[in-house]
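Only one chain is shown below, in structure tokens, and it's the form predicted on its own.
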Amino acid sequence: MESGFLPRTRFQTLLDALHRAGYRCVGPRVRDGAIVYDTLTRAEELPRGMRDRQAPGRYRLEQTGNPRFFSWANGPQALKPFVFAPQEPLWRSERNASGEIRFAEISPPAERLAIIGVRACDLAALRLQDRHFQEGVVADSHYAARRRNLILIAVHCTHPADTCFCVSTGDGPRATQDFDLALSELDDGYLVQAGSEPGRELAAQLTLTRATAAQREAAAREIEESAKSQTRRLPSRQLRDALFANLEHPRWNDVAERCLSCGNCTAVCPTCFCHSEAEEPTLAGDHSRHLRLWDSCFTQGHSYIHGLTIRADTRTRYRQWLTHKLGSWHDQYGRSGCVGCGRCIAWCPVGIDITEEAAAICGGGTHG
């Protein structure tokens, strides 16, 4: 649903419309040397003119002086923290004066959240999170409560990082679905496209002008050039059989010598959903909270079962992560669990490249 053109000088009207509708706006801001999602009140808080330089084990920002707000690829965050909280209480147990223990569910706050600057790879990751948390036999009520209160403002990606490979996974750089509004950024403003009825209602409040043919052509050309500029790729979108046929490949030992088992890749991955649970009792012992916390398959405790650690070394932990992410997700969700965002490459302290490892094990080049 093409809606029109929003001049850059009127970007604040989008934030104002969302605030009037009762949403807290969250968008990209520069903090601690990275572009992260944070509360957004004014358009001036966006990372104007910022460009990210990413490589294996490296992430840096630089100021280019251009007028754009979204001329960068991605930061360490995705949408995952806003729907699958890094730490949250699920229920509470209390002991009354007679010694009886009662349990009560703790519901998450019903906050209306508008996230601005969402990229196509992260929308694809959110669809996978939806499959896991909402479309299984038992839906996760905490995830669902947050998910239904989201409004998503996407931006088509025109400045991919060196670590990006969303074209090879089929997940970008153009946002094609699951957004409320999608923006194509030009130097003087934005082509605005509505993708839902709430998005159409929001666009109607922005006093958009008709987009010219030249603006539409320029926006399409930038997205096409963004796709062509990506050099990394996975060998195939279907690596399940190749991975499981190579469980004893010598490359597993090679990558284990480099991997720190730190879990950074799973923390920044927009689709990883492993978690652990813990009790948080009070000192008085009269009540306790049961918490869910992000976890990683790279930790020893993740595969601990009744006195035995199933994956006791880094080799088997990395193999578990890669074969699950790129292989057995096809059995669970009908596709790979990788959306090509490249975060695991940039934020790995030793620069391990998932495309390079997959190619070494399954065959096929990482560049082209």
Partner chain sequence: MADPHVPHEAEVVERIQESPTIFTLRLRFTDPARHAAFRFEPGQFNMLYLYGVGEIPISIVSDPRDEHLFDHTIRVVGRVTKGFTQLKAGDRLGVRGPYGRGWPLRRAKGRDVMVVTGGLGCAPVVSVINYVIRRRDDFRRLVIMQGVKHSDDLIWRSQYSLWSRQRDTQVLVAADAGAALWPWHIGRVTELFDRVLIDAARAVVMMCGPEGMMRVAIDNLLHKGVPEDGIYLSMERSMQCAVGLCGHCQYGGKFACKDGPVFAYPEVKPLFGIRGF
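Residue numbers count along the first chain shown, from 1. If you superpose the two forms and keep the largest set of C-alpha atoms that fall within 1.5 Å, you have the rigid core. Worth saying up front: this structure is predicted, and the values here are computed from it rather than measured.
This protein has a second form, the form predicted together with its partner chain, left out of what is shown; the following refers to that one.
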Query raised in the report: Does its partner chain come within 4.5 Å of any heavy atom of D313 in the predicted complex?
Result: yes
Requested in this report: May I ask you to state whether G334 is within 4.5 Å of its partner chain in the predicted complex, using heavy atom distances?
Outcome: no
**Report entry** 4.5 Å heavy atom contact, H142 to its partner chain in the predicted complex
**Finding:** yes
Query raised in the report: Can G285 be called a contact residue for its partner chain in the predicted complex at 4.5 Å between heavy atoms?
Result: yes
Query - Three-residue site R102, E277 and P281 fully in contact with its partner chain in the predicted complex at 4.5 Å by heavy atom - result: yes
Report summary line: As a check of understanding, the residue in E111, E94, D178, E222 with any heavy atom within 4.5 Å of its partner chain in the predicted complex should be identified as E94
Query raised in the report: With its partner chain left out of view, which of H249, R200, H132, H159 would have a heavy atom within 4.5 Å of it in the predicted complex?
Result: H132
Query raised in the report: Out of 205-213, 185-193, 83-91, 150-158, where are the residues with a heavy atom within 4.5 Å of its partner chain in the predicted complex?
Result: 83-91
Query raised in the report: Rigid core fitted, is the C-alpha displacement of V138 between this form and the one not shown 2 Å or more?
Result: no
